[in-house]
Structure formats: structure tokens, C-alpha cells
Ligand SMILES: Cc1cc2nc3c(=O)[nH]c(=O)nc-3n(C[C@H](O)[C@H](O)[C@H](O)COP(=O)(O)O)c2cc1C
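Here we start with a single chain on its own, the form predicted on its own, put down as C-alpha cells.
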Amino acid sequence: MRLTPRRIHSTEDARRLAQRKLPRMVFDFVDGGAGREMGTARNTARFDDILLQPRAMADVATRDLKQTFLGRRYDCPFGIAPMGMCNLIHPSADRALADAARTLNIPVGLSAAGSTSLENMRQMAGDNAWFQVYFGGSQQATLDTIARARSAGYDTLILTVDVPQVARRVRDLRNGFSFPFKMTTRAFLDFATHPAWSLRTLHAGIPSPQNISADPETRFDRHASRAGADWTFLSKARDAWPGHLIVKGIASEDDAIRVVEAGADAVYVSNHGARQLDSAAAAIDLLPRIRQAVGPDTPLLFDSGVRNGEDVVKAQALGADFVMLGRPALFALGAQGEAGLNALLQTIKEDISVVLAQLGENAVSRLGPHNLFNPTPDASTRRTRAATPDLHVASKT
């Protein structure tokens, strides 16, 4: 008797299935964080401390999930964050992400460390594709990559600035995870006990970064310094990029203000999913402070710790204009490939709609501090966000 595939109803379902189906080395690459991984736990736990205010008897028979960001109307208030080497999770991961982006009309970020070329991703995802670049190799090499993205037709560039040096990720070190990949006895045994993943990957070919120079002098080195992404380089990147420029990895009010003054079109609040600094504050705690610092009109993206539709709503109530998903998408791909991804994204979309109804709101665009339990007294509209950042939280203690 053929068993019906287990349905994914949540990110937690996807994570459990992915942990069973992926080699430990690959799962840990997705799931792990920096140091003792206290930061990854903090990112998700702090969402549980944020309470929402239900409202009754509002006309919420229909709810609108559409959101405008940087002049474009998207059908959902979330997108897919740029992540490196997605095809390591599933050989068709990038194509599945591109297809989902077009189907749901949401943005999908392709990382410079992605396993699909930026040209191919632009063809697959069309205008829904954004490109993310790290500083790498040299200033000129990075500017060349930016020019390549411009030639490929991208309109939105994400410059990630929170990786001056890749952090020590203990799980990866214990597993011997590296690029280029080196087969060890431990890795062989790990792969042998996960034959479905191994056969798919062998058939498709082991993925490698497709958007980094192949020159031996500047080729991809995951652990090389990226400290060249300084304020001077931001100015040069701004001059070189005629489209929308987003600066990702901002975790400080002062940095956010300076990024806006440098001409960026949007600030991306993130602590890199706690994969860089274990002791960093939870990204959701940074969000209202940065909103207060840059004012109500600066577009803000947010990621780190988001696991469901309710988290998306909380981030929007605290000041985000748009929310990006990272690990949840990879867990779903690792669990059930494209079908798993589509199931999870649909679940998150449904979650948002249900939460809107509970809050008495009929549009995502109306979310703001007034939807939080114990908001600030003057937080009556979305454009008076986070006047006193610490008052939105109902403490567990």
C-alpha cells in the first residue's frame, strides 16, 4: 500500500521532515548558527513575547494581502530571502523558488553565493528576481558582478554588509562542511544513509557558486574577508547601480540613518539569522528602534526568526514594510522539494489572512502598532510606528 506523503502544515513540520531526509551535514548547514547558537533561539523566542490585540465584530469577510514595496505591488507581504547554495538542499531548489515567486507574485532573492547563475535566475523568475551581492575578491570584482546583474536586467540589488568575516559555525566545523566540497569517510557514511538525496544530487551534479569569478586569484572563498563593504564602497555601489538599492544586515539605528543618507532606497533589518554574531540582539527587537530612527517613510525589509504568518504580521506591526523568509523555505525544500515549498508558502499566506481577521483588519497595509497588545498611546496609525520601542512587549516574567 502506498503511503500518502505527509502534509506540511508549518515550518516545524518542514524542519522535522528535512532533518530526516537530508544528510546531517546539509541539514546542519541550513539549521545552524554562530557560536553556541543562542542567537538563533533568541530570534524565534522573542516573537513569542510579542502579543497581538484581537478585535471583534469588524467587517473582515474579505482580506487583502497585497503590499506595495519600492513601487511594485506584490500579492503577499513576504518574499524569499537571498540564500547561498540552495541547490544543495534539492537540485531544483532555485527553480522551485523562482516558480513560486512568479506564481504568488512575491520577490525572490538570489545570492551571489547562489548555485544558479544570476542570468538564469532572472530568466526563471523575471521581474520577481532580486540579486544580492557580497563584497568579494576586490572592489573591482564586486563592481563587475554588479554590472553583470545590471546587464541581466535586474532592477533591485541587495548589498549585504554584515559579513566582514564569516563566523565560526561549530556544526559546519564538526561536520567538515566546506566549499569546494571534500569527501571524507564521515561524509560518505552520512550520504550513504540518505540515498534519495545522494542519488538526486549525484544525478544533477554537486552544486557550486555560480556568480563568483572563476579566476584563481578571486574565486569564491567562503571564509575570505568581506570587510571591503565599507561606507566608501557603498557610495560607489550607489553610483554604479541605477535601480533600487537595498542595504542588508543593518542592526543599528546609527547605521540605518547613515545608509539612508548614503542614498539607499531601503534598509534591510537583519542579524543574518544569527549566523554571524551569537550575542546579537534578536532582530525583531531591533526593528522598532530602527523604524523610529529612520522615520515613517523609509522602506524597511526584515528577516531573522520568522517562522509563520503570525510572525509576518508581528513584524509588520512593528515597522516592517516587507518580510523575507529564509530557513523555512529551505526546510520545506529539503522535506518535499517543490511540493513542500508550495505547501509551506500557502500555509503562511493562509496564516496571515486568518490573523488579519482576528485583528479586525481587512488589509495588510493597515497593520501597525495599534494591533499590538499594550501599544503606545499615540500609535493609532501605521505611520506613527514605534514611538516607544520597549512598550510593545508583554514580558513572560
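Note that residue numbering begins at 1 and tracks the sequence as displayed. Everything numeric in this text was worked out from a predicted model, so none of it was measured.
There is another form of the same protein, the form predicted in complex with the named molecule; it is not shown, and what comes next is about it.
Engineer: In the predicted bound form, does Val30 come within 4.5 Å of the named molecule, counting heavy atoms only?
Structural biologist: Taking the distances in the predicted bound form, the answer for Val30 is yes, it comes within 4.5 Å of the named molecule.
Engineer: Can you tell me whether Thr160 touches the named molecule? I mean in the predicted bound form, with a 4.5 angstroms heavy atom cut-off.
Structural biologist: Contact with the named molecule, yes.
Engineer: Taking any heavy atom pair closer than or equal to 4.5 Å as contact, tell me whether Asp303 reaches the named molecule in the predicted bound form.
Structural biologist: It does: once the named molecule is placed as it appears in the predicted bound form, Asp303 has a heavy atom within 4.5 Å of it.
Engineer: Would you check, heavy atoms only and a 4.5 Å threshold, whether Ala332 touches the named molecule in the predicted bound form?
Structural biologist: Outside the cut-off, so no.
Engineer: Among the candidate residues Ser115, Thr142, Gln132, Gln316, which is the single one with a non-hydrogen atom no more than 4.5 Å from the named molecule in the predicted bound form?
Structural biologist: Flagged contact: Gln132.
Engineer: Which of these residues, Pro209, Gly309, Gly79, Gly273, gets a heavy atom within 4.5 Å of the named molecule in the predicted bound form?
Structural biologist: Exactly one residue meets the criterion: Gly273.
Engineer: Which single stretch, out of 79-87, 92-100, 254-262, 190-198, brings residue heavy atoms within 4.5 Å of the named molecule in the predicted bound form?
Structural biologist: Correct option: 79-87.
Engineer: Note that the named molecule is not shown here; using its position in the predicted bound form, name the residues of 246-263 with a heavy atom within 4.5 Å of it, in sequence order.
Structural biologist: Contacts from 246-263: just Lys248.
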